[in-house]
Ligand code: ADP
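Let's start with one chain on its own, the form predicted on its own, as structure tokens.
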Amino acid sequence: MKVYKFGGASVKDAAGVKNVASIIQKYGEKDLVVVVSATGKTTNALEVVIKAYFDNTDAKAAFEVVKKNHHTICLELFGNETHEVFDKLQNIYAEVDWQLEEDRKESYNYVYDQIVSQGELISSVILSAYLNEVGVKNSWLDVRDVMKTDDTYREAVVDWKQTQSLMNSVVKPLASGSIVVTQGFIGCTAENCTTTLGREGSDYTAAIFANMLDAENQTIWKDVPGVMNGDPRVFEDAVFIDEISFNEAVEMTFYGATVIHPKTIKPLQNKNIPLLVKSFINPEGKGTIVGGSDNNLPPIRIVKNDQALITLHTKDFSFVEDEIVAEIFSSFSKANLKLNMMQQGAISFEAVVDNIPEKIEKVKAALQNQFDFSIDEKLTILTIRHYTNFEYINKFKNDRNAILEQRRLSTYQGLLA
């Protein structure tokens, strides 16, 4: 068994869908699960629909844009509107239309998951239909039938026991000697409500499939040759890395490398299943093996933009001791806001987080009685692993002022203004 994951960039248009089909034809004829993301910028477009719904503006008009984009793709792939894929898409669109007609609005996170999840359903229906059209027989699977979660909308936690049971009874027989096309990013509660596993969670979905199916390997098909020592859009001198260990991959994703979703590694590492990161643009390329060695790794550079520095000062000048630190951590945890950097003083605590206003407001509301609260925005974290000297670090600061720095033997982090 093998698991392939194709991201939104790989299926952003008809040409992309055709290219993905050619890769599957060439490299994965049987015993294969294909996990696909929403096409192109569909998730962003569906977020516009959700905003319009809550703002009481024309959400249906915003959703028509999404429909039109996929209609264009289907016309180019299938030629005319008589193909059965158009009826299948209408059934998916109906789920969104029903939600938009609801006068009583549920919580934002609940509505978000019901609507934004449809992007993956749409793209997988299109890919599955096109594969069948070109003679690559496959079964389409609604991942909600097997990926069971709790009801933490937008950050759902997988019920591993129930999901494993369904993988054994449903997916293994379906994929044996065949191809299954399904969706990343989404799951389902015991009450049959759709959930999502966190933004960009399709890599994680694929890793869950690989773990539970005891796959030979998992391949993530990207628009880059493989894992590189820096985002090539940021660092012109970025170089390709042949192989890295699971541990190094975990560290890279923890610090913000986006080539792999942070949750992807552990399910694979637990069963020592190699992860291949390959290019859908040049599928003949060897790609990177994650799960190998870390021999001769170059310095790895990671840039994380749109950061906010939260500074807390105790109002009564009491020391920030263990009990207060525990309360601070609890407030960030309840807001589901990860600390990317932190520093503690005698009467102050500084935390660097992704600038997500609604989550920051939750933290502020929880702590404002004890602390004076200030925020600095538009900051960047520069992380360099395996740096050779301080001159190398200074080279990539680009004359920006580091307002907070932390160094360990193998890792430098600077918060740049």
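Predicted, not measured: the structure shown is a model, and the values here were computed from it. A residue's number is simply how far along the shown sequence it sits, counting from 1.
Just so it is clear, the following notes concern the form predicted in complex with the ligand, a form of the same protein that is not shown.
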| item | value |
| --- | --- |
| Residue contact check: Glu200 to the ligand in the model of the complex, 4.5 Å heavy atom | yes |
| Lys278: touches the ligand in the model of the complex, heavy atom cutoff 4.5 angstroms | no |
| Exercise: Asp231 in contact with the ligand in the model of the complex, heavy atom 4.5 Å | yes |
| Ile73, heavy atom within 4.5 angstroms of the ligand in the model of the complex | no |
| Heavy atom of each of Gly7, Val224 and Val259 within 4.5 Å of the ligand in the model of the complex | yes |
| Segment that reaches the ligand in the model of the complex - one of 136-144, 290-298, 251-259, 319-327, heavy atoms within 4.5 Å | 251-259 |
